[in-house]
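Just one chain is shown here, as structure tokens, and it is the form predicted alone.
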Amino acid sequence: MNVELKDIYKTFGAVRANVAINLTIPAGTIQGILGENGAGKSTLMKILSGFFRADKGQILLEGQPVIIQSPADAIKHGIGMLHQDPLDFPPMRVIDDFILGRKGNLPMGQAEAVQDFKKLAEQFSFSLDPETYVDSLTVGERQQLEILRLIWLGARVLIFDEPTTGISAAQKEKLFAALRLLASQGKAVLFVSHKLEDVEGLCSSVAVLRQGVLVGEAKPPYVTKQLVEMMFGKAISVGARNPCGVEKEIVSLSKLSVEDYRLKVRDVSLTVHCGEVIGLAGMEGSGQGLFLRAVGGMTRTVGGKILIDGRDLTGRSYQTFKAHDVAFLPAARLEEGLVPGLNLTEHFILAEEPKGFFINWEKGRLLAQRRISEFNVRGTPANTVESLSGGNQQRALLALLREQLDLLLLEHPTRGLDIESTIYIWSKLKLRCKQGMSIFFVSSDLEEILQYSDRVMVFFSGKVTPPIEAATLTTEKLGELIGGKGWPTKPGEQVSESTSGKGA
């Protein structure tokens, strides 16, 4: 289906989210929508998919103007959107989630729905069990479920909003294969991202937005420097690696063991110094998330010891860890990190230590304004957190952290952030590392792991490498380890020299 957006405008108060946007997406193509956080990408896609109404402008499908007043309206016209955080129901079975929004009023037979589901899943090489529960799926599998559901509902235009955020390299390859298959079937695919490498490797054309305006379009072969300059209006440089760390020990792990119903992580011993950054790499579900939460007291250990600044906190609660200057930042922003319905001022008041019986709202508002400015959050103290873009929610989470911390535990710290924001956030984190704070962080972005870690630990099916100096690794070598290659073959053997560059 051919899609045309003509003279689209959208404002939110004083914010001009979309300004006079004209864009044509032919059927059978993958159209990249590129831009920094807050550039207006998601707003434009939500207008096309019926979540927002444009203040002005037209949507044309196959040359005919249409009025889309809701997501249900959009799917009737053959338009479906897969959001950055999939809109599914974790307590439901996969097959029950799959049939949500089906056409018609009569209940559909379960056997027929399962047959349709399996046929579609086979077509895209998705390995999903219709009888399992949604809350047991990875982010990548939840995306696969939503793709199947939208196609089953008749979508001929599919919008993907930052779909590679928080998924593994293997899941990204499977996703890209699915998008190429959709385009080959004559569907129009819109791929929204701020990741240049994803857009360059997938899209047949790219439209670049900046501050709500369509500033340019490009076709392969892409020139990365030109795309960056269109996105930000200037050249951006990642800069040199900036290692930190002093001699004082802040974290000591001795034969730490933790497990859940899926896997076990055994006998991890590690000493971390003040200001040091430890990157935790691995395919999603390999044990790095479980380990991270154990180090913060959110998952009970089954063996070993955890010492923070010399204090034995083994078996203690997260509240005890917090009291000893340990903080945790989750990847699930709205589910675990922020409170939907509350504004930014209320969040900053909640994050501070209470003083007295009454809330000083003016002090809270001024604190919110200061932190919003410091972390470049595009919002106001009165904005509710769900009204912010994904990247701005992430910056708000970072802004909520207490200023005095010994250890910070991060899940995908720059998930949803553009290049400039990633560099900015890590500059803030590294500044705190120079003041003595240490960091453990999980990321699916290999470049981020190598750029910002001092040492790296790789997880594979519950196995853990000894810490490896990040400077000795390349993305290729790290990718091999994540895929299970180059690991010790005998007990006590170190990671192979050919893979890590040197033993740990």
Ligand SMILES: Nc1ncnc2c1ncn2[C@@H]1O[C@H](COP(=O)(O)OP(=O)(O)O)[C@@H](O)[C@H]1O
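These numbers come from a predicted model, not from an experiment. Numbers follow the displayed sequence, beginning with 1.
One more form of this protein, predicted together with the named molecule, exists but is not displayed; see below.
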> Considering the named molecule in the predicted complex, which of L481, A17, I21, I25 comes within 4.5 Å of it through any heavy atom?
Replying inline: A17
> In terms of non-hydrogen atoms within 4.5 angstroms, which of the given stretches 40-48, 431-439, 473-481, 65-73 touches the named molecule in the predicted complex?
Replying inline: 40-48
> Is the named molecule close enough to F12, E36 and F52 in the predicted complex that each of the three has a heavy atom within 4.5 Å of it?
Replying inline: yes
> Are D85 and A396 closer or farther apart at their Cα atoms in the predicted complex than shown, with the shift being 3 Å or more?
Replying inline: farther
>> At a change of 3 Å or more, would you call the C-alpha separation of D85 and A382 in the predicted complex closer or farther than in the form supplied?
In response: farther
